[in-house]
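Below sits a lone chain in structure tokens, taken as the form predicted alone.
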Amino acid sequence: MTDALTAHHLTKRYGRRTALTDCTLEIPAGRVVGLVGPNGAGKSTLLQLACGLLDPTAGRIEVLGKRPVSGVKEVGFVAQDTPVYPGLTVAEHLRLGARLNPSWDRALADRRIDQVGLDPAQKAGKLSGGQRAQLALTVAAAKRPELLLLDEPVAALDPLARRTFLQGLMELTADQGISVIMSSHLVADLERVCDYLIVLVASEVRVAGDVDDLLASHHRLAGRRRDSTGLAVLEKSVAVIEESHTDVQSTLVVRSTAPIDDPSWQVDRLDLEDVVLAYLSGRPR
């Protein structure tokens, strides 16, 4: 199966400012991918390169096995500000989408508008933030894309609107079987909907993998104070991601391909947010 996205030494510069540097990754198809990282890590730039809105300065990117081209039916994109046309009604957005997209699924669009309770006669400029996000998602999904790119789609929404949006996203992915790449700072939301995670820091992929595998292989170790260079736990199967020390205790976040069998450590499992934070604040690779 062709990957949803591949990038090799991908770089994007704006004059002297570099937005993405030497980024290499492979994103499998058929997954709901969470893309997380701090501001300035290159998440938005990567997604705009993926949908053909930007051209790379150097390196190579392929989406569904091809060079990205803006506006193709195979890729749907919802930008960070969930853009809609304030002067157009909901119904006019759907009619415009139908004219611009030969693969437009009118039944899907009408069904989603009804499910999320949007008034077809309401102008988009009068909608709430959550309603605008639902409209933007509907327009992107009704193209029947193979890949849906979402750039911080719920960042400005209240908790109820976020939950409603994410429920709609899960229903769409279940019904259509599409690939999704969604950037977000809200790791709890990603944990609800994503089955694959990428942590991007300063354009470097710190970790990428199946969410269940990441949760199973990462642990927090707590024990007596010791220097990490002399830890018996540092075997080939164990990588230290983050460490902190007090006068009496050392605490490590590690990734291990084998069980941690050392009685001098208290071993605890991590949730996805713990894993993400460890890579954001831990050692560069």
Partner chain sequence: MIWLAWRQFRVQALSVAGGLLVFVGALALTWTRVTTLAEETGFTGCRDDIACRDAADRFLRAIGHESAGALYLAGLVLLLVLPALLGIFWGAPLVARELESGTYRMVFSQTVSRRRWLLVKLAVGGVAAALSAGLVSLVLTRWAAPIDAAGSSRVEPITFLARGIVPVGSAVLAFAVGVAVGLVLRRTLTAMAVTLLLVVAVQIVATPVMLRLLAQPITTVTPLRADTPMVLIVSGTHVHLDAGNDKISGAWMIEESVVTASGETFTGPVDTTKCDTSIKGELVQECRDWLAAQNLGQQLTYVPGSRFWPLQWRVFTILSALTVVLVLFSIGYLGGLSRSPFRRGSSAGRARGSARRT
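Note that the structure is a prediction, hence the values are computed from the model and not measured. Positions refer to the first chain, counted from 1.
Beyond the structure shown, there is the form predicted together with its partner chain, which is absent from this document and is the topic of what follows.
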Notebook entry, point to check: Tell me which of 40-48, 212-220, 241-249, 256-264 has residues with heavy atoms within 4.5 angstroms of its partner chain in the predicted complex?
Noted result: 40-48
Next item on the list: Report whether the minimum heavy atom distance between residue 196 and its partner chain in the predicted complex is within 4.5 Å.
Entry: no
Check: Taking 4.5 angstroms as the cut-off for heavy atoms, does residue 87 touch its partner chain in the predicted complex?
Finding: yes
Check: If you check in the predicted complex, is residue 206 within 4.5 Å of its partner chain, heavy atoms only?
Finding: no
Next item on the list: Spell out, yes or no, whether the shortest heavy atom distance between residue 126 and its partner chain in the predicted complex is within 4.5 Å.
Entry: no
Note to self: Give me the residue from 190, 154, 139, 169 that has a heavy atom within 4.5 Å of its partner chain in the predicted complex.
What the structure shows: 139
Margin query: Which residue, 101, 176, 115, 122, is the contact with its partner chain in the predicted complex, using a 4.5 Å heavy atom cutoff?
Written below: 101
Checklist line | Heavy atom contacts to its partner chain in the predicted complex at 4.5 Å, residues of 36-74 in sequence order | finding: 39, 40, 44, 45, 48, 52, 53, 54, 55, 70, 71, 72, 73
